[in-house]
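Take a look at this single chain in structure tokens; it is the form predicted on its own.
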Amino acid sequence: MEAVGVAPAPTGLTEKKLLDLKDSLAAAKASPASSPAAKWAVKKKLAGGDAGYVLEDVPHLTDYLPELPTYPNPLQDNPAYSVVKQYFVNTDDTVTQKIVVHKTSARGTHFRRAGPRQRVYFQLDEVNAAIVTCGGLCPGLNTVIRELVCGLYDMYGVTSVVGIEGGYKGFYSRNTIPLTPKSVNDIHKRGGTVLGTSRGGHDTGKIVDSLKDRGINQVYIIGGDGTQKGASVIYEEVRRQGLKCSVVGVPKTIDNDIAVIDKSFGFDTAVEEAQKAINAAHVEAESAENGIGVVKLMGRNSGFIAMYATLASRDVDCCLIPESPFYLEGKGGLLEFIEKRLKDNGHMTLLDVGLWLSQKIKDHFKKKHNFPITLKYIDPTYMIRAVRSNASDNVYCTLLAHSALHGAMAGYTGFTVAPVNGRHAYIPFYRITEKQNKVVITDRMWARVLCSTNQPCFLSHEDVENMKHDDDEHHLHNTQLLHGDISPSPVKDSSKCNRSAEAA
């Protein structure tokens, strides 16, 4: 099934009224009347259609500046693209959020497809673009910066691009630094970010004042879900003041826990680098009597790196992730499993656990006479975050950057860009900040991990059934939204197992 469709015109007034009513009620519940910025935070652009079709559109400058002129896209004269057939994206192209459906399923939620449009809303000498990186480090940050700069210069002829140093606070506490293709030429070969980064420092008023004072009318904000929430607030204030300024987010998290999108940049590099730590732990464990290698990977709330690293490695004996509760003591517990694996193999490797669990293992085997162990603990977290991105992530970062700048030039704003089902799309900020993506332990990918490691599931039949019930409720919740239900109930977490340790 192709992931790209064409958006039909909304059918009838009834569905539109339902959608508008749902928006109005949601806005009334979520925003105090005295907060104009908060009002924009929940305003959604929804278009309904046949069979439950819903387009979750992103804001456009003409939503509040309706008289803006348009200009021919300079790409039509770019020799690099002159041979490309149908290079411009049709304005009605959409990307479906769910690609696998039943024949009786509703068409579901769609997002606007990313890519260059035939008309742009900025003249080339008018654009003053700014780029900022916020939050923790992640492989690929420099590649995104490089490709934003080079794409604006080479594809659109934009020559005014600046970098904001030190994260959000850099907007009002530091001077900007000019960015040119020459100055960013080799930065993708380095880890970290040449612009520097920080957490916090978000002051909406000061940031928007800085944008106005510096004449910035395109701002590209690279960061995780907290950063994207901040970008959403900046967009709301820009819109409230009626400024012609596109606010664009590029989602970044090494943990791959951003909702809706296929994956985040830097994730492939993290999984690849994690192999080095796993290999080292495996060698240490094999080389000692009753050797145990413990590796802690990133993923405080989501275990994607650990799960994929386990499948890639095949040397891991037990993978523990935050989404899958486990217990230590008793029959079928983790400690019993470790003891059995040591007796069978003489060594074992555990993935994604911390110092607390390492100490518990040591304490357990101190009580076992004539059963000495050698435990090696490896935490490669900051080594992984600081490396340069691999080839796969470099390509991905290039596509992200290009999709972002195409959207800004086309007048879209208040959105983030990322692939959904393999196609890049423009996604409203609220969709990627409303929840975190997590490993679904009732899906087949986690079953593949269990088969790979031969570890216990640690879940009872009742636990699994409860989780499936929650999944069904979540599906029903989404279906009700598609059909205009204005009173959605929150999805609850009914896992009954207490987690004995939280992966860091």
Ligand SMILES: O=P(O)(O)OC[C@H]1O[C@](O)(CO)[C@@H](O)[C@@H]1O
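The numbering used is simple: start at 1 and walk along the sequence shown. All values derive from a computational prediction rather than experimental measurement.
The following text describes the form predicted together with this ligand, which does not appear among the structures shown.
Visitor: I need to confirm a contact call. Of M298, A401, A114, M307, which residue comes within 4.5 Å of this ligand in the predicted bound form, counting heavy atoms only?
Guide: Spelling it out, the residue with a heavy atom inside the cut-off is M298.
Visitor: Identify, from the list C319, I254, V161, L148, the residue with a heavy atom within 4.5 Å of this ligand in the predicted bound form.
Guide: Exactly one residue meets the criterion: I254.
Visitor: Just one of 379-387, 356-364, 274-282, 420-428 has heavy atoms within 4.5 Å of this ligand in the predicted bound form; which?
Guide: Answer to the contact question: 379-387.
Visitor: Using heavy atoms and a 4.5 Å limit, would one call K244 a contact residue for this ligand in the predicted bound form?
Guide: Answer no; every heavy atom of K244 is more than 4.5 Å from this ligand in the predicted bound form.
Visitor: Spell out, yes or no, whether the shortest heavy atom distance between R199 and this ligand in the predicted bound form is within 4.5 Å.
Guide: Contact with this ligand, yes.
Visitor: Go through 206-235 residue by residue and record those having a heavy atom within 4.5 Å of this ligand in the predicted bound form; state none if no residue qualifies.
Guide: Residues within 4.5 Å: none in this stretch.
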